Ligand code: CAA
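Take a look at this single chain, the form predicted alone, given in structure tokens.
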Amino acid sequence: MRKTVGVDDIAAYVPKLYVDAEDLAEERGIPPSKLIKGLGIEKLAIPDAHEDAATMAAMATLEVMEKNDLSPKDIDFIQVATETGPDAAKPISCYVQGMLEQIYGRGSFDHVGAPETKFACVGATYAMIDRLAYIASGWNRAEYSIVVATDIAMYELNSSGEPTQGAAAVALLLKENPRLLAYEPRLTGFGTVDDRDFFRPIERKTAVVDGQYSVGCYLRDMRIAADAYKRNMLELGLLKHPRESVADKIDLAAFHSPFPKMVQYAFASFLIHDWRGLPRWKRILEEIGPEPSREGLTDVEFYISDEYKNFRRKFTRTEEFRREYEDKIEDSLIALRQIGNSYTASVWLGVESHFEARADDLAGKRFGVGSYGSGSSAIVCSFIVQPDYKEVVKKMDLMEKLNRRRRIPISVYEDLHEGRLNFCESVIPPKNEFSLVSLGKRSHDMGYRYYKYVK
């Protein structure tokens, strides 16, 4: 008999500082509409001088433990997924363990497994699947495991990627018989292609990205993963015929969001592929015209071609698309518009955003997740919202955290971006949080990062 495993709770940490998109647009000589309407970004979350991916991960982990009244003995694994880790050898998860022991006592977490997972923005979803499989196997020695997605998206000043920056961490509390989301493991589909759309060499602080090419890779890999998900649905009898729609079986969904408008592109491309050949598709084509030809084009070339983008744009204006988008996607973007990109954390912020925004009863609904990571890989998976989910959601406070942040001027943002402020020169001095306090300078600890919980 298969065990039911999944996500019992979610906790998010977002830096207390943000840059307003209008301020950035004005400083860079860009029309604000290009950022707010074109990309869908209104605010960019910016880490303070004492923060990094490890402190954010520790804060999210501490919150999920405290609000569920957990002790170290309740935790089997702390697995972190990131692409902005500060160390090429030591995992962030071990730093998190050390920070938590400042709260719970020295040695209190020495029994946990603490690996780190890396696959760009899809890494946390891979880590979640790993840990859920471990729990389902019965090998776990404690009831809970925690997967943490933590990242700081950073691009060169004045670059095309700069307006999509952001930062956040999300802790997923995993267990058997979860209260929030029960995972459907046999449906999960993967799509992986060795590609160079986005990467960050070890020696660089900022990523190398080919923007339009990366959009094409996202759409290609997501289609491959969605096809695998559909095949699994057919094998399990959830679809009776290949011409049935996968989207009709999904009640709400969250996609990885490098920028919120990308989610619209992804969902539109998913529906175009999913609805092709259905009776409704014939009606839509009568309204917007035929699909462009793929002849002579690779998948990526097709997805970034002007002809396909124009066709997709017309499709997004149809009543059929707007209805699906508003019902199943839009609420996932409420928080993401206020944060920017957060790499591994992005899709899970979308999940929490849905739960905090939706007033209707979601119990028993199928929740789809489309997770993408450059390099490149996509995962399409799903969960069933559990009967007790409202008890979990009432303690979520992501929106409240976003409303409490401080707006900073571009000059301060640039000082933080370029590392011109020392750890002790934070815009908001740390209080009741973990702080990066120093880097080692001796021969045996050169560059080692030291953290402290500041009361």
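Residue numbers here begin at 1 and follow the sequence given. All of these numbers come straight from a predicted model, not from anything done at the bench.
Quick note: we don't show the form predicted together with the named molecule, though the next part is all about it.
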- So in the model of the complex, does any heavy atom of Lys37 sit within 4.5 Å of the named molecule? yes
- Could you tell me if Val385 has a non-hydrogen atom within 4.5 Å of the named molecule in the model of the complex? no
- Query: According to a 4.5 angstroms non-hydrogen atom cut-off, is Tyr155 in contact with the named molecule in the model of the complex?
  - Reply: yes
- Query: Looking at the partner-bound form in the model of the complex, is Tyr265 within 4.5 Å of the named molecule by any heavy atom?
  - Reply: yes
- Message: Within 4.5 angstroms, counting heavy atoms, which one of the listed stretches 320 to 328, 175 to 183, 136 to 144, 203 to 211 is next to the named molecule in the model of the complex?
- Response: 203 to 211
- Answer yes or no: in the model of the complex, does the named molecule come within 4.5 Å of a heavy atom in every one of Thr164, Phe198 and Arg313? yes
- Residue within 4.5 Å of the named molecule in the model of the complex by heavy atom, from Phe355, Phe259, Phe119, Tyr303, is Phe259
- Query: Can you pick the one in Ser160, Ser71, Ser293, Thr298 that has a heavy atom within 4.5 Å of the named molecule in the model of the complex?
  - Reply: Ser160
- Counting only heavy atoms, which residues in 315 to 342 are within 4.5 Å of the named molecule in the model of the complex? Asn341
